[in-house]
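Okay, here we've got a single chain as structure tokens, the form predicted alone, with questions on binding and movement later.
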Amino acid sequence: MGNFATLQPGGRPLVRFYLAFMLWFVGRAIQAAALVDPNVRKEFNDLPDDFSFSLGAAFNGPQMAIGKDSNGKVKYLGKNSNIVPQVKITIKSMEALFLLFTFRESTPVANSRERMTVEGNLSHACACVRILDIVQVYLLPKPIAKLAIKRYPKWSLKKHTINRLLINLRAIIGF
């Protein structure tokens, strides 16, 4: 047999940039939501101290990491965090992550189509997915959020407007 050339898949730089930006913004929004929303705060309080999780695409795709310190403060750890997360949620490819973050496929559908893998405690992973769902409701308009999550919550007008404004503002500014 002869030598075969090694083929490298296309980089798709615009898709990679979009996904990296979305993971960055969602990570900062999770940090902000932990300060503003009592449901997100409760989910993080139920997780152990010094807990961290990551979400990203497999095969060197874009990543994000979120951590909770021993004082209970939630922090966006960035894309290239040196810590080993207790829960690692990996989407099998950048294309599958792109389907999730263009809201053409919800998290439960991606899970049922075996596009997600979880390493770590399953109950902690479920809490992380619930946190992501709550944050998506805050970040997205209602018609798009209904596509991204399983059930759209019935929240008060204050929760939809003021908390949404606070979370978006804190995510943009970074505090």
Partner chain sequence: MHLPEYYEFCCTVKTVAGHDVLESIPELLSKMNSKKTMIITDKGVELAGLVKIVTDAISENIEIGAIESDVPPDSDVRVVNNLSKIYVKNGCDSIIAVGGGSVLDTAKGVNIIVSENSDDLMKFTGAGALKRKLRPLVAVPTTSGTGSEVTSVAVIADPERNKKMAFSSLYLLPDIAVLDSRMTLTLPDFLTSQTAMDALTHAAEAYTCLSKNPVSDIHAINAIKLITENLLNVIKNPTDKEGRLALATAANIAGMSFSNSMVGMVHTLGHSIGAVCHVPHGTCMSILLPYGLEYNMHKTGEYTGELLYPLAGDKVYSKTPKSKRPEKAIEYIRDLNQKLCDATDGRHPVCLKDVLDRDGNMMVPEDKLPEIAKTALGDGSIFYNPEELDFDDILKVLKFAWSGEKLDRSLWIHKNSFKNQESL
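Bear in mind the structure is a predicted one, so any value in this text is a computation, not a measurement. Positions refer to the first chain, counted from 1.
There is another form of the same protein, the form predicted together with its partner chain; it is not shown, and what comes next is about it.
Contact annotation: Asp69 falls outside 4.5 Å of its partner chain in the model of the complex, judged by heavy atom distances. In the model of the complex, its partner chain sits within 4.5 Å of a heavy atom belonging to Leu122. In the model of the complex, its partner chain sits within 4.5 Å of a heavy atom of Pro108. Shown alone here, Lys79 lies farther than 4.5 Å from its partner chain in the model of the complex, counting heavy atoms only. In the model of the complex, the residues of 100 to 119 lying within 4.5 Å of its partner chain by at least one heavy atom are, in order, Pro108, Asn111, Ser112, Arg113, Glu114, Arg115, Thr117, Glu119.
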